[in-house]
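So this first bit is one chain, no partners, the form predicted on its own, shown in structure tokens.
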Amino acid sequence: MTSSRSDILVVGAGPAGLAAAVTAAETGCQVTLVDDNPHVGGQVWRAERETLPPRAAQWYARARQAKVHMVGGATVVYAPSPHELFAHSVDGAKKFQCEKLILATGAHERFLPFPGWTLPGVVGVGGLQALVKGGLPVVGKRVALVGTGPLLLAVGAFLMQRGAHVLCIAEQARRTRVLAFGASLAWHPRKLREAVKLKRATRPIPRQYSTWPLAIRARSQSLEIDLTRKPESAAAVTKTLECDLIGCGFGVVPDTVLARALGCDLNGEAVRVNDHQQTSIANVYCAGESNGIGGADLALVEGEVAALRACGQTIGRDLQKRLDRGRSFAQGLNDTYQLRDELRHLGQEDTIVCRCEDVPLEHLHPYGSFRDAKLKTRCGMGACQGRVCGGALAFLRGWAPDSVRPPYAPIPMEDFARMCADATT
């Protein structure tokens, strides 16, 4: 087992984590940045077979110049205290010790169960983008994107660039809400420019509002998806599309596994923080999507704020203004794309909710909490440890996340035993 010690340990190398690591290192702190992906960038700035986007490359260059110790491909699986964390990697177990901890664990996609959502060729919107970046050919493929949020547009533009034929973008939010949110972007010039660019890039793609999937069926060489559209004050209309791939994404869910393991309080589905990104646990800070969904710009600012406060520095007026502006944008974003009640009733009795353990919806009716269902049906006990069904059931049933027990991800028993033995000595 390798071991390292630093003043500040940052977990997560997306925008928030990169900004936190760089800011802390530039104040003179010794910083370690660890991420389960082999490369920095997180889900927003994924860099596997492609170069980092310009903004990400700038932060990465600053991290190297500031001598941030970057550890990729290491998944934190055990945290006996905020000052001692263990990770698993292909190189074996790793131990990290620190004075202060900054969590920037990001978020993962929210999936909602409906008939056919587990069929081959049906994947998360962000997952589809990652697969294509990893080499999945989509030239000439017919693709439907369904769900909610700006990610649908971003992935639609990306797929078009890669030669896919995007049949539609089905947005569950109401058109009036989306247009009102677009008008509010006048107060956020960078976001407005991004929105205009995205709108132009996706102009050839049919976009439908107040539209959501009912069912997907497999055919011999393709998929069929039933979409229902219910405009305001009008009867619902259902149509069927034939396609090769379907991307589904109903927003994202903050990744709070490590924060909950450490005992941090939650605010709904997100980690609760104060105005300076401090969690309820001393010397533990949180930045980015794990404490609320707000986009890359807000994540960067929160990373800077968390690092400055962790290093005992004050927050400048300009940075505070950027933080307030980013939080205002995040509030508008979440209000606009709030999931509608109709989506709670998409699943049939035999629709799978927990993919890892093949638990259908009908098996969950007798239970009133995630823990109860977990004990009786194994829902949430699979390899993903409830990351998929947890987000769905939080929306469908209002079930709060269950307790977290190490290891937080599947690892060899030998490595976990070594970690436990080391933590007790």
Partner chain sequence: MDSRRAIVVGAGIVGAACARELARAGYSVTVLDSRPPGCGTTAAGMGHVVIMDDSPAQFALTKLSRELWDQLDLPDYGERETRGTLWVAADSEEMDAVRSKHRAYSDQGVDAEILDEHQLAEAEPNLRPGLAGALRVAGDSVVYPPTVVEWLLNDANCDVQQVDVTEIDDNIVTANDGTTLTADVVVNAAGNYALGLLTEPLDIHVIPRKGHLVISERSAGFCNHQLIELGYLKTAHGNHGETNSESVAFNLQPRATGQMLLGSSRQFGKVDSVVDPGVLAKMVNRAMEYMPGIAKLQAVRTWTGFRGATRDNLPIIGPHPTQPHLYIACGHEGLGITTALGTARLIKQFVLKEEPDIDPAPYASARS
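Numbering follows the first chain given and starts at 1. The structure displayed is predicted, hence computed values, not measured ones.
Another form, the form predicted together with the partner chain, is not on view; read the next lines as being about it.
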Residues V90, K94 and E269 all lining the partner chain in the predicted complex, heavy atom within 4.5 Å: no
Within 4.5 Å, heavy atoms only: does Q385 come near the partner chain in the predicted complex? yes
For K376, is any heavy atom within 4.5 Å of the partner chain in the predicted complex, or not? yes
Quick one: does R371 come within 4.5 Å of the partner chain in the predicted complex, counting heavy atoms only? yes
How about Y78: is it within 4.5 Å of the partner chain in the predicted complex, going by heavy atoms? yes
Of 57 to 65, 391 to 399, 376 to 384, 25 to 33, the segment with heavy atoms within 4.5 Å of the partner chain in the predicted complex is residues 376 to 384
At a 4.5 angstroms cut-off on non-hydrogen atoms, which residues of 84 to 103 are near the partner chain in the predicted complex? List them in order. none
